[in-house]
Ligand code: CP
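What follows is one chain in structure tokens, specifically the form predicted on its own.
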């Protein structure tokens, strides 16, 4: 079995080789990202060709509901020869007051890597600070970097290369938009984010920001949207959010403004009739279901990279 970093007393911590984490996507270099996407494509063609996790377990903590993240990580870890340990909120002592630090220490003694899907980014950062194995952000309020990897893999399949392409994101400037800006920027992608006033993405990673969805979509190679109401949003403001975001719906008319070869993307789940129409979601120009599958392949390549660095 592959050896892992042990947890040392605080005074000895600097003497150990620290694990490599994946929290925002900015941890990768442009070259590493390119190699990761190429490796993901290889793993998609030969799903059982790598057994990098043979004899190892990966802890997967879910403090938020999940369909694609759980399916893709659980299946991906198994395909890599490992055992996915799925832990829900009520199955770990974090929900009863055990510290993040102590949780990190214990998990690091049993798992080759830790994935966590939660709300606060600070919780993931604290977990990574104390873990002796790689920590992967499976979703937080601020970032969704694993989704961005799958998005880039999907564009790579559609166009052969990502660098120099244009992606337009329309809707709430949320964690998905932020990760697209960060990871897409590393890949040489021009990321445009169109959001209404009050829902803008902050300036990040050179993304082009606008309040005009038509301007953002013009000549884009891919047009992307996400739900208007996510897990972290206040339901009391639901009607106001829908009103503000309605002009940013991804429909057939908006998609027609993109390049003739443009594809439609959505990280799912989708609310048909709100952020996207049925004609786009199930139409001939979408690659949305490829995106959902590509979560598994991109995350397997990520796990290989992080385990090799451990």
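Residue numbers count along the first chain shown, from 1. In this text, all values refer to a predicted model and were calculated from it rather than measured experimentally.
Here the subject shifts to the form predicted in complex with this ligand, a form of this protein not shown in this document.
Between the options 285, 241, 249, 68, the residue in contact with this ligand in the predicted complex by a heavy atom within 4.5 angstroms is 68. Taking a 4.5 Å heavy atom cutoff to this ligand in the predicted complex, the contact residue among 55, 273, 269, 47 is 269. Screening 89 to 97, 200 to 208, 128 to 136, 143 to 151 for residues having heavy atoms within 4.5 Å of this ligand in the predicted complex returns a single hit, 143 to 151. Although the partner is absent from this view, residue 117 contacts this ligand in the predicted complex, with a non-hydrogen atom inside 4.5 angstroms. Of the heavy atoms in residue 295, some are within 4.5 Å of this ligand in the predicted complex.
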